[in-house]
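Only one chain is given next, in structure tokens, and it is the form predicted on its own.
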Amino acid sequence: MSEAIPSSDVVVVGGGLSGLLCALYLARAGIEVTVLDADPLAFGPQANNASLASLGLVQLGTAEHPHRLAHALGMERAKQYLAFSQRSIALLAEEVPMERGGLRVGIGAEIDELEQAVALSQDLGVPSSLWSQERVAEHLGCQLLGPARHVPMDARLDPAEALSILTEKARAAGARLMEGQRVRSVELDNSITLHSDGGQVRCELVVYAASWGLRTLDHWFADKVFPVRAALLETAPSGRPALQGASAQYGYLSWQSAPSGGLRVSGARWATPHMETGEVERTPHPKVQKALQGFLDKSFAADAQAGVVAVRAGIQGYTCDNLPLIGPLPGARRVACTGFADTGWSLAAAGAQIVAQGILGEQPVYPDFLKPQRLVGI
């Protein structure tokens, strides 16, 4: 018979970015909080946490250009979304170090949209400027990329460093962090009981921050969150200066300098017919790996010649409408802070703050289209 883990006011399922931030904010407010995570809470090169699947680009809003965001959401909702992202980036900057400024590079047909994107960004309250192809080449040391949109509010960070800092801050604030504790089932009764690999824990409220794995844990997520595999290559140091974080191909390709001095490149999901959707194995697909290597060879020859020293993949959680789930779920005492996909670094901090405020009895104000209720009936 499994042993009981000490009970807690709140249990957070998932020890990635959003889970750690939720625990940190709750613990600082005096709430007894426990985090359960299936993986070790150690964020080195071999770590499997989904938050490490990204490069650590903190991109305002999404990797898409603002006119595309406005087309998808409408101007008013796009303004709300970008304001939410600005708030989130500011909150994250209070907790972890980051370097400001980022590039959205144009490749192919994307080049023709850059001027429109710059013009609309002013109307949306997120100024950006157009960099010429020559300026991009000078900054990146690459002659084969096009012009770019420079976004001062973008940023970059080291995911391993940031997650390690948040782990220590959460512990110092009094949060109980328990690794290697995959939650197998959740019972809802007078209290909530979570059954994990190491035993069971009772709580009054559960926060779901475990990304795509929630689909097998709570039936509400079954048709609303799904896994997508993201691959990453890292080269040995080539002696180049550190780069601002950058993305291209409407966000399907991104790169930035690694803490080691090498270059990290991620993306190219388009190399497989299914766009890596539904994949849960943490091994890059050979076609994706080949596409990333080809981009390195063509665009960053010096880095490619330095050699690839790390290849890894992580599984990110996407929602069915590609917007995160933040706030109470239908029913009682279940709260979501998940579904950030590759935008977690720019959205999760505000999401976690909102969840903490709601648990503390406050009435947080945030866009209705980020609330789980929007998907009721789907």
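Note that residue numbering follows the sequence shown and begins at 1. Keep in mind that what you see is a predicted model, and the values were worked out from it rather than measured.
From this point on, the text means the form predicted together with a small molecule, which you will not see here.
Checked against the small molecule in the predicted complex, the candidates Ala72, Ala306, Ile111, Leu217 yield a single residue with a heavy atom inside 4.5 Å, and that residue is Leu217. Here is the short version: of Val183, Val288, Ala162, Val126, the single residue with a heavy atom within 4.5 Å of the small molecule in the predicted complex is Val183.
Judged against the small molecule in the predicted complex with a 4.5 angstroms heavy atom cut-off, the residues Gly14, Ala231 and Gln316 are in contact without exception.
Put simply, Ala341 is close to the small molecule in the predicted complex: some heavy atom of it is within 4.5 Å.
With a 4.5 Å cutoff on heavy atoms, Ala336 does not count as touching the small molecule in the predicted complex; it lies far away. The closest heavy atom approach of Leu57 to the small molecule in the predicted complex falls within 4.5 Å. Taking the partner from the other structure, the small molecule in the predicted complex has a heavy atom within 4.5 Å of a heavy atom of Ser346. Contact with the small molecule in the predicted complex, judged as any non-hydrogen atom within 4.5 angstroms, is confined among 64-72, 31-39, 326-334, 349-357 to 31-39.
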